[in-house]
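Before any questions on binding or motion, here is one chain by itself as structure tokens, the form predicted alone.
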């Protein structure tokens, strides 16, 4: 069997010819100028050598693709919108990128049950639009909604800004269609949610980062749309007050989103987007809260909130979108500063405030030239620790942050996955027995290790 990790020029000509016959010449790209966007990850930390890009149009074509890859020992790297933040869809071991975006259909909509089937290449925004067209919502959302795909969200079990209300991708999965690394095409897309018929392959594949097989479609549950909503920017002088305020809002209303920002991050976004600062005075910490409010519940909670030093409240849709720009502009604004280390972590509520307050000093002690940017989904304990001013390969600083998280009882990955960026730190989250079971599962479902090698497992 041919070795993995070879440059595309070393891939057997017969393999490329068979791919061309399978998908057609227009759907096999070998020109490096046409494939450059497929081999650089969104953060800029991971860049691969040129590889071919194949664009299959059906689950059947993907099953044949896997058979060819097993025959010749060629790595397959599934890719959707390429918005991942941990190098999990970058072909560092060579092989072939499998662009899933031709599988973008949204079908089998059931407006009574609140369900639909989405191809792996459908964007989150497209799923949201179809759901809204029949009076429902899709419960997963984040700023990259118009680029990120359903398949990518399943690969990483993406959470996003609505997790506090609806949970992450795994909670939305009813069933799945996929091709395992063994070449077997499985399709279980039930039209009912209560389905206790054996192993839940959808849950197994969700969060597997393409290491077991290639997801081709998913059956998704929808959620009811909210009633009248309020969006508020709330200023605080201490992060402990932010966490306490978020808890009060969760107890006193139905939160749809609870998002943390810092003064430094807010000022960066204002400069990058040309926005006016939302407050007259500098607020060290800002909580963006989107809440379902059928009366004056939110105003009553705000009136009793300790540590609140400023507020801006929006009731109409246009004003709410303006407030959301301050939060959703963070990732883009930080990326303009150069290569970014993206460490999305989760902390238990009782230690969350201390971690946010203390981690900048810990980073500065080890890397004085680094800048720490903190923001994220404070309502569910998920904080994005973004680091700039570092060498892309500086894993020591990643280890510092992730070790601090694990020591406080948190998770080293909340929604971006492990990818390559965190692979050597997976033992902080799982013991030897856990990892051994994962290895055996992979060996059973991807016996030739052609599915996204170099990702997730050490």
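Positions refer to the first chain, counted from 1. Since the structure is predicted, the reported quantities are computational estimates derived from the model, not experimental observations.
Form predicted together with a small molecule: not shown, discussed below.
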Quiz item: Any idea which of 104-112, 345-353, 327-335, 274-282 reaches within 4.5 Å of the small molecule in the predicted bound form, heavy atoms considered?
Solution: 327-335
Self-check item: residue 39, heavy atom within 4.5 angstroms of the small molecule in the predicted bound form
Solution: no
Exercise. Please check if residue 386 has a heavy atom lying within 4.5 Å of any heavy atom of the small molecule in the predicted bound form.
Key: yes
Self-check item: Contact label in the predicted bound form: residue 415 to the small molecule, heavy atom within 4.5 Å
Solution: yes
Practice problem: Would you please decide whether residue 131 lies within 4.5 angstroms of the small molecule in the predicted bound form, comparing each non-hydrogen atom pair? | Solution: no
Self-check item: Contacting member of 269, 234, 85, 231, with respect to the small molecule in the predicted bound form [4.5 Å, heavy atom]
Solution: 85
